[in-house]
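Encoded as structure tokens, the following chain is the form predicted alone, with no partner shown.
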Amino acid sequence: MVVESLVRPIIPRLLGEKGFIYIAKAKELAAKGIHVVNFGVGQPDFRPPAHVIEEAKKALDEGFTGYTEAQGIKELREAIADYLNERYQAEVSPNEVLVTTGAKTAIFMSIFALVSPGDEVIVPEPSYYAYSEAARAGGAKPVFVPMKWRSGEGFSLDLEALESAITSKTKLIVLNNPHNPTGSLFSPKEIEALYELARRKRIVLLVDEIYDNYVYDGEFRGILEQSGWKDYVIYVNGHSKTFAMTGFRLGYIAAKKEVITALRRLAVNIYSCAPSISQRAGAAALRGPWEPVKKMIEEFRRRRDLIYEELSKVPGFEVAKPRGAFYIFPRIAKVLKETGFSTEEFSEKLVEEKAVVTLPGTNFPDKAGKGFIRISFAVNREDIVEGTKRIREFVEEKLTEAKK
């Protein structure tokens, strides 16, 4: 009785990874021998490049298995700085980089370090849930600002609404580009306008570019290309998506040296350091060769084209072609209206009746995801064809039933 009564009230209210509910149902079906098509997964279905695995083995063989410095080994911080400087001309030094246990840790630490109870964090939505939950855990209030949606074009930032949401309590604005869950790639014009808004209002941008190598169409403008970014930006990235290293738990933050010093103190008290073996492998990943990554991205481009083509055939679906990440976010509001299903019921019945996992857009808080589902195309092309076929059959059956 004593222990549970002392748990902070906010913690049981944190959303967590709702997608695991649907994945758990899928596992139950798979245990019965049913072929499940899992469009819910948010990780590449590739192995890390061979040279990355070899470096991890080498680290083990050499006994590089102890604690490292909390900020991350110099070898990895130098590789991160070189990557950011070569790609974005970011002018980052190794002492302006902090290595973390995945990008999610980087997000949580960055928000936790900046907010106090009563502060506000602006989150364009639909959004990855970690931003708002980290704000809540720190006692701040997430302020959700719906993005603009156009049929056939997808989502874009609503800059006027973002500016209108700013109050004296606003501490930071979150930007995720390329975007999870929608697959949107925000234009250079949008990025520049948002950055100028932050400068004008003297508000920090927390920028998560974990999908920066998953770009299929259009121009990707990294936030680190903006002049004077260190005064207004905390930058988050990591190895999970680009190098298929999700289990290595390796992310990083780039920011002004004074910010990194403060965050390093948090790191020491939270996780001491990122895994030593992962850090060695992460440095090797960034140093290359990059050919395995390029081949993987090309395969994802083919999958993107395929799933867009197949989903466009589903009655009542409104589909925008994703330009980044590995998610597609079709609008299913017309189907829901005809069938009477809620967004959540659609995904629940789809996995129960057709063994296809999708995530309801309402998993990506707050309200702008209602009437959408997220589908990850981090699965092979055979499963894309089979899964979209089952979705089409499911929708056609339910629409027919609704007309009787």
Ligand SMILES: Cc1ncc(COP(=O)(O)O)c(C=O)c1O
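As the structure is a computational prediction, the values presented were derived from the model and not from experiment. Start at 1 with the first residue shown and count on from there.
From this point on, the text means the form predicted together with this ligand, which you will not see here.
Trainee: Looking at Trp229, Tyr128, Tyr235, Phe329, which has any heavy atom no more than 4.5 Å from this ligand in the predicted bound form?
Mentor: Looking at the other structure, the residue within range turns out to be Tyr128.
Trainee: Have a look at Tyr211, Phe243, Phe220, Tyr195 for me and say which one sits with a heavy atom within 4.5 Å of this ligand in the predicted bound form.
Mentor: Only one option qualifies, and that one is Tyr211.
Trainee: Looking at 199 to 207, 140 to 148, 166 to 174, 101 to 109, which stretch has residues with any non-hydrogen atom within 4.5 Å of this ligand in the predicted bound form?
Mentor: The contacting stretch here is 101 to 109.
Trainee: Honest question, do Gly42, Asn180 and Arg249 all end up within 4.5 Å of this ligand in the predicted bound form by heavy atom distance?
Mentor: Yes: Gly42, Asn180 and Arg249 each sit within 4.5 Å of this ligand in the predicted bound form.
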